[in-house]
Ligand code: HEC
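Below sits a lone chain in structure tokens, taken as the form predicted on its own.
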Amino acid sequence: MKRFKKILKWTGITLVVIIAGVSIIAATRQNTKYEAPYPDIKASTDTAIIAKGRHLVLNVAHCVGCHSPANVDSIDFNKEDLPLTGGRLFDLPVGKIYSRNITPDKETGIGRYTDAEIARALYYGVHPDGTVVYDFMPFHNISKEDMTAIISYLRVQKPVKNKVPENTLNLVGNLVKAYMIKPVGPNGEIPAAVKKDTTAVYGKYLAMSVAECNGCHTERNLAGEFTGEPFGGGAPMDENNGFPALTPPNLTPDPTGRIYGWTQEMFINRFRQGKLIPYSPMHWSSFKHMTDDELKAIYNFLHTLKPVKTKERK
């Protein structure tokens, strides 16, 4: 018995030392600096490019859904802009994350950063100060043409001073950031431009690199890494307002998929209806303003996917 207690005691001491060591190292890795190239992106004053950027920011890329504190469901994006002042709280299992102010304010927004620094953060996941960007905005493979349009639109917005709270991670969040979060970059060479049409090729570009449909409709782990079959359905999403968790559905052509049997017209009409479930986390307010050709392209792409049987949730 004494020997057993002694073993138990030293086992406990060893575990405490290990945990303490891991925690101390994690604390020193919270602001690790990374290197990444600066893309040759420069904002334009061309009104057509700015208008294209507006369509991307407010609709296809749905930046407004996270970077505006307003109730976007009550806004007609075709008629008015919204200040992208940030501050929206994401209360996650790893801690409290706040969206940033992306107006051109030079003190609290992106006005203090160069075009290349902003593009580097979006393409390569590295902040201007060298720290890692959480991969909530995986625009790593967006074309240079579209990136230029996005930054051009952001540059002409009214600067709004709004100091957003700093993110606060819990113990799990600190460990995840220290040991699992790394900058994410392009899959290959960044395309200069992507041909806009209704083909599955363009639909793949929209769904994977701009609208980021796969980000929710494919299962991911705490570090944001994809762990499930592409578009086979995401993990349940809690909105922290007392509502039931909703699970992003399977969008593959399998009979268990949500859009199995839908015609192209049905697919487009569903988007035009906007949000039907009031607490749905999907950015319906943005996506309903996508063009018919954009939605046709995404529809065509989804029908090229490998069919995946929807998992039963317990």
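Numbering starts at 1 and follows the sequence shown. Note that this is a predicted model, so its numbers are computed, not measured.
Omitted from view is the form predicted together with heme C, to which the following refers.
Although the partner is absent from the chain shown here, none of Ser143, Ile190 and Ala200 has a heavy atom within 4.5 Å of heme C in the predicted bound form. Of the candidates Lys161, Lys196, Arg112, Lys182, Arg112 is the one whose heavy atoms come within 4.5 Å of heme C in the predicted bound form; the others do not. Contact with heme C in the predicted bound form, judged by any heavy atom within 4.5 Å, is made by just one of Ile268, Ile49, Cys66, Ala43: Cys66. At a distance threshold of 4.5 angstroms between non-hydrogen atoms, Ile97 is in contact with heme C in the predicted bound form. Heme C is not shown here, and in the predicted bound form it never comes within 4.5 Å of any heavy atom of Pro253.
Heavy atoms of Arg258 reach within 4.5 Å of heme C in the predicted bound form, making it an interface residue.
When heme C is considered in the predicted bound form, Pro248 lines it closely, a heavy atom lying within 4.5 Å.
Using a 4.5 Å cut-off on any heavy atom, the residues of 134 to 149 that reach heme C in the predicted bound form are, in sequence order, Tyr134, Phe136, Met137, Phe139.
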